[in-house]
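Before any questions on binding or motion, here is one chain by itself as structure tokens, the form predicted alone.
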Amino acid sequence: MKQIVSSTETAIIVNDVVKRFNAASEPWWWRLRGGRPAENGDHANGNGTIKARRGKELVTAVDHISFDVHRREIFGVLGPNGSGKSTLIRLLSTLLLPDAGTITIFGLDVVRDEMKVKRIINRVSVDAAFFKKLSPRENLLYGARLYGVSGREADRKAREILKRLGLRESSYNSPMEDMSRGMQQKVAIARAFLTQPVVLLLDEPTTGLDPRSKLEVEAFVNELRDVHGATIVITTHDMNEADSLCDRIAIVDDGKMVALDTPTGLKRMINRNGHEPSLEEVFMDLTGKELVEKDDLTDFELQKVLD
């Protein structure tokens, strides 16, 4: 049963935040092949291609977004891929710096107090990175030590968490590269839970997991909030997950926030001739788009842009 947060203490303040990227006007791989296929109106050279233009276009991924997250709240961010929700998570986690506006986490500015913020947060990404040649045990112990958790304590907690997430004991000491994507995602979730962060940022954490594993992750998220007092921000494509897990949900589209309310409040915004609409119907009505529209930048692709 979802617990509605009653605390009025503010954990996160996002104030008029803007993030833009200088994106190449054409895909980077066109430059590697010496040009792109000629189109109508282009002046092709002898081999049927033209040189790739070197111009840049400015893309606004987060466009003047503001919201607060209460202490011990599970706050959801929904939007089609490419809407800016993953960029928003990266801003909260200090991986990106805002071009305008401010973000504070328990009074700490993510720019001025970056190292202090890092000590109280953890993040799970849909494309979590590991040392693939190492085992889950080695990856988890390494991550735990970075947060000051002793090896023995980390090993005990890691085994307990992974067991509850359904990871086989025999896989604990096997190389990560031999594991399925879903199993790797469980290790990523365990790594974040291991440190019991004050603020947990979950970017599509259950992608690739089976239905039972998703329910186990939801139980863990609730436990972190209810038992350990964590504040949680989650992006997801699973409407049922968002509906059952989140206290409030922000819907973003093209970098802008189009709605913010409780799941029940969002459903009341849409008239369905007397019957309560689903959260997916609300989403479609407010954005006019499918949930999955185009790919977000992965962390690897993002680094290419920043480079």
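Residue numbers run from 1 along the displayed sequence. If you're wondering where the values come from, they're calculated on a predicted model, not measured in any experiment.
If you look for the form predicted together with a small molecule, you will not find it shown, but the lines that follow are about it.
- Contact check for E216: every heavy atom lies farther than 4.5 Å from the small molecule in the model of the complex.
- Looking at E204, you'd find a heavy atom of it within 4.5 angstroms of the small molecule in the model of the complex.
- Looking at P80, you'd find a heavy atom of it within 4.5 angstroms of the small molecule in the model of the complex.
- Using a 4.5 angstroms limit between non-hydrogen atoms, V258 is distant from the small molecule in the model of the complex.
- Among the residues L266, A250, L245, A61, the one placing a heavy atom within 4.5 Å of the small molecule in the model of the complex is A61.
- Contact annotation: of the candidates H228, K163, H237, R145, the single residue with a non-hydrogen atom within 4.5 angstroms of the small molecule in the model of the complex is H237.
- Of the stretches 150 to 158, 112 to 120, 175 to 183, 83 to 91, only 83 to 91 has residues with a heavy atom within 4.5 Å of the small molecule in the model of the complex.
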